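Let's start with one chain on its own, the form predicted alone, as structure tokens.
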Amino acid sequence: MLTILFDGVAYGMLLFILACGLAVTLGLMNFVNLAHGAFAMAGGYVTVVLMQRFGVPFLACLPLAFVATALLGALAERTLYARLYSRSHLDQVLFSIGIVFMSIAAVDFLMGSQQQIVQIPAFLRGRVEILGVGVGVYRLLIIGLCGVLTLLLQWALASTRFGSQLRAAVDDARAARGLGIEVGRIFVVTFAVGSGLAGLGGALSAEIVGLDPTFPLKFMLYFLIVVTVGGTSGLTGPLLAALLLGVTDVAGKYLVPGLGAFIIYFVMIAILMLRPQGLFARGSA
């Protein structure tokens, strides 16, 4: 059971890093970006290209994947997404779904449809004993790295001037501009960081869940479950939802292989029946 719990926590932390950008754009910026998985896929393919064609070490690829997808996110926000902030959620959904299929077609054309293999270093493939249970070193790395990033992100949103400016810009952009807040800069930085974290998650997850052009579609539902179950008031809810989803998914596939893929949906339905707005809903004025 401890092995299942440990693997589930590692998977949950990975899902949170993959989905936290969507949690920010949907929960704080009120923008529905279903193409979030495309940025995660981009981070994975940046890692594949750097490792296979340029011989860059895996650990060095992680910050490069973050930077590359953050720059891609900033470019997309300024040229495409910024035009849709004032449009309806239906327009945002249709637009971002279009981006998903365009990214799938582009990656399939450039990289092929086969699944990409990411070889992590030998020292990350070993196992160590913790409380008498053998746990993977790579999963320990994922838990530690994602845990640190989660704390930094929560601190930045809750305790810094930037976080206060972001909340003000989302609540009333016109008033925020009147106070001297550069709303456009705040939004592009937020979107870039969220995209960069998705890219980092894609790089970390490639060895565990695989990487191919259909990645955004396969994991879109997982991202939405994390945000829906967690609520949109901040990052605490999506973090708990990701951990619950990770542990439930791993436990289901270990203990009930025939129903493992469906258990997370049962849990989601049960939670939403009790709390339709998610675990932590944004309060209304």
Partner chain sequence: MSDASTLNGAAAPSGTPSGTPASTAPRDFLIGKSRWKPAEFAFWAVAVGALFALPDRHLLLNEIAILGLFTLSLDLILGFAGIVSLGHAAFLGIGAYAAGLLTKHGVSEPLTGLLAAGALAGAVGFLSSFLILRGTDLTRLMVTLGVALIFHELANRLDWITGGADGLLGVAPGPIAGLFEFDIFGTTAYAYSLAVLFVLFLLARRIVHSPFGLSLRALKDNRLRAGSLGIASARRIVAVYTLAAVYAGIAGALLTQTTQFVSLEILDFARSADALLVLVIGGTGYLYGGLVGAVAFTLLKDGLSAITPAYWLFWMGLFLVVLVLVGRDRMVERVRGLLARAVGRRA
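Residue numbers count along the first chain shown, from 1. What you see is a predicted model; the values in this text were computed from it and never measured.
Just so it is clear, the following notes concern the form predicted together with its partner chain, a form of the same protein that is not shown.
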| query | finding |
| --- | --- |
| Interface segment, criterion being heavy atoms within 4.5 Å of its partner chain in the model of the complex, picked from 42 to 50, 239 to 247, 222 to 230, 66 to 74 | 222 to 230 |
| Partner proximity in the model of the complex: V56 to its partner chain, non-hydrogen atom cutoff 4.5 Å | no |
| Any non-hydrogen atom of L34 within 4.5 angstroms of its partner chain in the model of the complex | yes |
| Its partner chain contact in the model of the complex: F109, any heavy atom under 4.5 Å | yes |
| Contact label in the model of the complex: Y85 to its partner chain, heavy atom within 4.5 Å | no |
| Heavy atom within 4.5 Å of its partner chain in the model of the complex - the one residue of V183, I120, I143, I97 that qualifies | I97 |
